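Here's a solo chain for you in structure tokens, the form predicted on its own.
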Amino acid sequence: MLSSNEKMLDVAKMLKETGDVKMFASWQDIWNMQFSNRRQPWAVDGKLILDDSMIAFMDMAKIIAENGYDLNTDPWSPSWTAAVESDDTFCYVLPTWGYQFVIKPSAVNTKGLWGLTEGPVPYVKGGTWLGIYKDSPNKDLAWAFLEYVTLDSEAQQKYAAEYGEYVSLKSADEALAQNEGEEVLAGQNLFQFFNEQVAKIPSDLMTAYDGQINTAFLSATKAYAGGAITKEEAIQQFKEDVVTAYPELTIE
């Protein structure tokens, strides 16, 4: 029922009509899915690229907002987080760490009612990079620390088991997939689920421009979804914001 964007919106319509339940906590949650499945990054050879999947995201945002398929709130706002305990919001579209930081600590009355499932497309959301300062007087100690927090399987297993976070060490994730599942997830083992998903994730198209361009695009989409401007005006606003942030890019 969630194997395509169209089917996902059909479910949203059904939930709204049969029980006045919102499909999403926020339409902005679907950003990760569309953004990860672009064919091209934001910039190629110094030129801004507006991928078709980003236009599809704008269209979906408009449909969700106009039809009341979400709570009309922003991610990470109090009302967005509080929806974990509500009886009128069906799902969140989150990265792996979304369970640790959003669902698990907030689910009290809804403990055992949550589950992980695959959406229309696999996706990624950011990442964390660790490095050693080239002039550090303690390179050996710094490396020992990095080795411990990234490559020590036993340490990663303890961390992941305590916090419910999927870690970036295959041996740890495979070992944890053999354990009992999460109480919040009614016994589902999140490591089993994500071990299957990680093999499907798309290539990372990250560029040095992503931070400000993402913000500009979400801002323009929000104005369009909310009815403040037309789709054409939103795209033009986006391009103007990119010109201001990155005058070195060629924008058509």
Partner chain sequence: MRNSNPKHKFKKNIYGYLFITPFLVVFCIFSLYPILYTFFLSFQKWDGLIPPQPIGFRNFDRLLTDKVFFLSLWNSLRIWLMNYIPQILAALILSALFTFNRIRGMKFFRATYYLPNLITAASVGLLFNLLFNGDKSVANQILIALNVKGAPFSFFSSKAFTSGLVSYIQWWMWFGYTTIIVMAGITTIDKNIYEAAMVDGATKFQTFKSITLPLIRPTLIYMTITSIIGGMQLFDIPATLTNMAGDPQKAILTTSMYLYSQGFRSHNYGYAATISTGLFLIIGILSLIAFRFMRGGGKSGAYAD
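Positions refer to the first chain, counted from 1. None of these values were measured; they are calculated from a predicted model.
The next section is about a form of this same protein that is not shown, the form predicted together with its partner chain.
Participant: To test your reading of this chain, name the stretch in 70 to 78, 130 to 138, 109 to 117, 146 to 154 whose heavy atoms come within 4.5 Å of its partner chain in the predicted complex.
Facilitator: It is the stretch 70 to 78.
Participant: With the partner left out here, check for me: in the predicted complex, does some heavy atom of K222 sit within 4.5 Å of its partner chain?
Facilitator: K222 belongs to the contact set for its partner chain.
Participant: Spell out, yes or no, whether the shortest heavy atom distance between Q188 and its partner chain in the predicted complex is within 4.5 Å.
Facilitator: No, Q188 sits far enough from its partner chain in the predicted complex that none of its heavy atoms falls within 4.5 Å.
Participant: How about D88 - does it come within 4.5 Å of its partner chain in the predicted complex, if we only consider non-hydrogen atoms?
Facilitator: Yes - in the predicted complex, heavy atoms of D88 and its partner chain come within 4.5 Å of each other.
Participant: Would you please decide whether L249 lies within 4.5 angstroms of its partner chain in the predicted complex, comparing each non-hydrogen atom pair?
Facilitator: Residue-level check for L249: no, no contact with its partner chain.
Participant: So, A228, E240 and A245: all three within 4.5 Å of its partner chain in the predicted complex by heavy atoms, or not?
Facilitator: Affirmative, all three are within 4.5 Å.
Participant: Let me know the one among T207, Q40, T215, S203 whose heavy atoms come within 4.5 Å of its partner chain in the predicted complex, would you?
Facilitator: Here the answer is residue option T215.
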